[in-house]
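To begin, one chain is listed below as structure tokens, in the form predicted on its own.
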Amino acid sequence: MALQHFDATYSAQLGALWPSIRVALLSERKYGALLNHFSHNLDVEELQAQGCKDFISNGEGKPEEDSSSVSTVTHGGGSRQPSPLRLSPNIRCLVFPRGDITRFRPARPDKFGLLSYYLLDAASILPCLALDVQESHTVLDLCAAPGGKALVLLQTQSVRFLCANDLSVSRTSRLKRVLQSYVPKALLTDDKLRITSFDGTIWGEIERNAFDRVLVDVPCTTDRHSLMEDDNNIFSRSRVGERRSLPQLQAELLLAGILATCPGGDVLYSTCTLSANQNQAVVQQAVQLAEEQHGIQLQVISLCPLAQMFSNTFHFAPNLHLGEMVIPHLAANFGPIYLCKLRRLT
């Protein structure tokens, strides 16, 4: 059922891009290995001998300091001004070369029981890179389970305090297990980390103007998963209402993330769907609600420099009017991952 829906929707939305994306979605996905800097058994040399490279440090050139820009989101368009792109030097992710779908073997623990790397879709690291966490920042990961992005954020070694939230208690239990498998206990203390299971849509009522950086990686149709898994599929008839209400839920979560952000702080919205209704349309709706209901003005931070830097590793959708999106391709079968960065001005 998911494929039928995608054929109808994405052939219209993506046009000539859809046939190649469709083939890639139905093919084996590609992974990256996020290196765990807290482990004493990184296995880097062994992986590099197999042809793996860190896609971050091997990014295509360095963007000029003034090549990133921001623009005010208004109904009539917006102004632009420079904003530098900075990447954490502590985040490293090894990938096999383009076209190589060799599988990584399971990570091994070091003498303290910490695993050497975490396997994930390498494109899912991009939202964390784009969030630009700096020294002593407080960070909220509003929809944190199963924990991959929270782990990436901790790898920056810059987070003063991380709040990792997810509505599902069972999913937050999995999140705890992930962090305990990769992060020393000394960095998981209450003064450095809080794991909660609140309804993210009401976070603005819990903690407002509280965080320097907020990641809002929302529940979505998870396109690739929906094509491959039948159990409890969101495209099943029993979940039609839930699927149709996703954009509203996503907008409420993003608005809550905006409210939780300090003025001057940044919010990163991300999904793993190609759907414009769950991506650009949600951002536009949340920005409008923030202004109309709360008097909050926001700017969109252009992520073009990020896309240019990593265009040798990922395929990016061309000509998006808002945000960036990694699209699956047989030669680089990562994604889909959509990301859009907002800066809170007031």
Partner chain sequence: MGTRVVVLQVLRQKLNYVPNSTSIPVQFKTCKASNLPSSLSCRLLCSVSNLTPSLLQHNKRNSAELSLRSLLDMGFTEYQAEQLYDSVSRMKGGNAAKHVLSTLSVLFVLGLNPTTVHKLLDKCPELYTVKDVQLQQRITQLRHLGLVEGSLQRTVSHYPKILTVPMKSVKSVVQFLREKCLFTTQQVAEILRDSPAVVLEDLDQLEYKFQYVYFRMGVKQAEMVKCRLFRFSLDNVRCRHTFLERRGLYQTPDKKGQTTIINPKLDGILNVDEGTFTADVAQASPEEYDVFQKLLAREWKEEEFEHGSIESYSEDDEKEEEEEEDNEEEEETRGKSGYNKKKKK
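Numbering follows the first chain given and starts at 1. If you're wondering where the values come from, they're calculated on a predicted model, not measured in any experiment.
The discussion below concerns the form predicted together with its partner chain, not included here.
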Three-residue site L26, P106 and D121 fully in contact with its partner chain in the predicted bound form at 4.5 Å by heavy atom = yes
Its partner chain: the contacting residue among S275, S158, S226, T138 in the predicted bound form [heavy atom, 4.5 Å] = S226
request  = Tell me, out of R86, R174, R208, R194, which residue has a non-hydrogen atom within 4.5 angstroms of its partner chain in the predicted bound form.
outcome  = R174
note = Within 4.5 Å of its partner chain in the predicted bound form by heavy atoms, the stretch out of 147 to 155, 86 to 94, 197 to 205, 255 to 263 is 147 to 155
query = Quick one: does L115 come within 4.5 Å of its partner chain in the predicted bound form, counting heavy atoms only?
reply = yes
ask   = With a 4.5 Å heavy atom cut-off, would you call Q134 a contact of its partner chain in the predicted bound form?
value = no
key: S168, heavy atom within 4.5 angstroms of its partner chain in the predicted bound form   = yes
query = Could you tell me if C220 has a non-hydrogen atom within 4.5 Å of its partner chain in the predicted bound form?
reply = yes
task = Would you mind checking 238 to 262 for residues with a heavy atom within 4.5 Å of its partner chain in the predicted bound form?
result = R239, E242, L246
